[in-house]
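Next comes just one chain, in structure tokens: the form predicted on its own.
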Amino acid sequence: MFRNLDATATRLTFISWLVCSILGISDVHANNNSRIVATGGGTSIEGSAGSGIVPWAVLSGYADEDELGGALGLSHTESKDFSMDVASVAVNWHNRVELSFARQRFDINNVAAGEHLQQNILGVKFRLTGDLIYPTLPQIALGFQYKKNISFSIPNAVGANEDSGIDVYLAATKLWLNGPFNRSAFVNGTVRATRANQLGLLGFGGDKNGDHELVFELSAGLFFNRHWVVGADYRQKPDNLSAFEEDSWQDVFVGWFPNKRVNVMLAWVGLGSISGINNQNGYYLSVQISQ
């Protein structure tokens, strides 16, 4: 399934494993009982804590105050004509700051034989206020993502202005332990300022718009029990290029959290039109190892 991960992403995977291993043996590490299972979320396709396509206000791993945690994530997305692999690592400092790095590789072999798009994403997320569970105020976080496209010849050819850009987002997440049907439930809302075309895989800005645009992202889910959750995401995206129309993304996911070390998410994804090819529906699978 991860056959498209190149040598750089493989090295990132090793580095991520090493980081998580160091966190696991450190004298300052996440207490296994300090946070409830699943409260670190999964790993989004941009490397930060969240669901598949939307970052949440929670921080990766299970670190609480005076603790250090983190997560390693691997994901594969397969649509009718495209596929994408992502390898990422995130570090959580005292449940206040999250640093993340992700490498994306988007295979466009069905459109251009042997071609692919690649991007590096360096993220930082600050927990501003609130708490996921206990106070009435939701957990609120401010995030920044510096994105660098490292295969810019194709984005440049279709009208993208630049090979790098910065996304800024504000996320709010709330979990109710006794929600609908006496089950735990969560809601997340994210507002993002971005110039990215297809997350940045097709560069930044274009002939239709070169400025940052506000877009909205939503997630919601219901837990069957402590270990299983079903939910959905919706993500708006800017439409900067005349060459291709860019659609919003959505998914319906199932998450499995057998313990605090591992979680798996499987989703149906609807990606709309990509590079002028419609009906890009398919699946998303991610695996996360947390500390």
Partner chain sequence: MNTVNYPMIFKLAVLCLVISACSTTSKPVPSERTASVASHENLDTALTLYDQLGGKDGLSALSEQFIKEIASDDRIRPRFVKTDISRFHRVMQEHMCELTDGPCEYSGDSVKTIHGGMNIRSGEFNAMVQALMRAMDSLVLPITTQNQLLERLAVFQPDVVGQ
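In this text, all values refer to a predicted model and were calculated from it rather than measured experimentally. Numbering follows the first chain given and starts at 1.
Separately, the form predicted together with its partner chain exists; it is not shown, and the next lines address it.
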| property | result |
| --- | --- |
| Options 118-126, 100-108, 83-91, 205-213; stretch whose heavy atom lies within 4.5 Å of its partner chain in the predicted complex | 205-213 |
| 4.5 Å heavy atom contact with its partner chain in the predicted complex for all of H76, V158 and L271 | no |
| Distance check, V262 to its partner chain in the predicted complex, heavy atom within 4.5 Å | no |
| Partner contact for L177 in the predicted complex: its partner chain, 4.5 angstroms, heavy atom | yes |
| 4.5 angstroms heavy atom contact with its partner chain in the predicted complex for L68 | no |
| Exercise: W256 in contact with its partner chain in the predicted complex, heavy atom 4.5 Å | no |
| In the predicted complex: members of 222-242 within 4.5 Å of its partner chain, any heavy atom | F224, N225, R226, A232, D233, Y234, Q236, K237, P238, D239 |
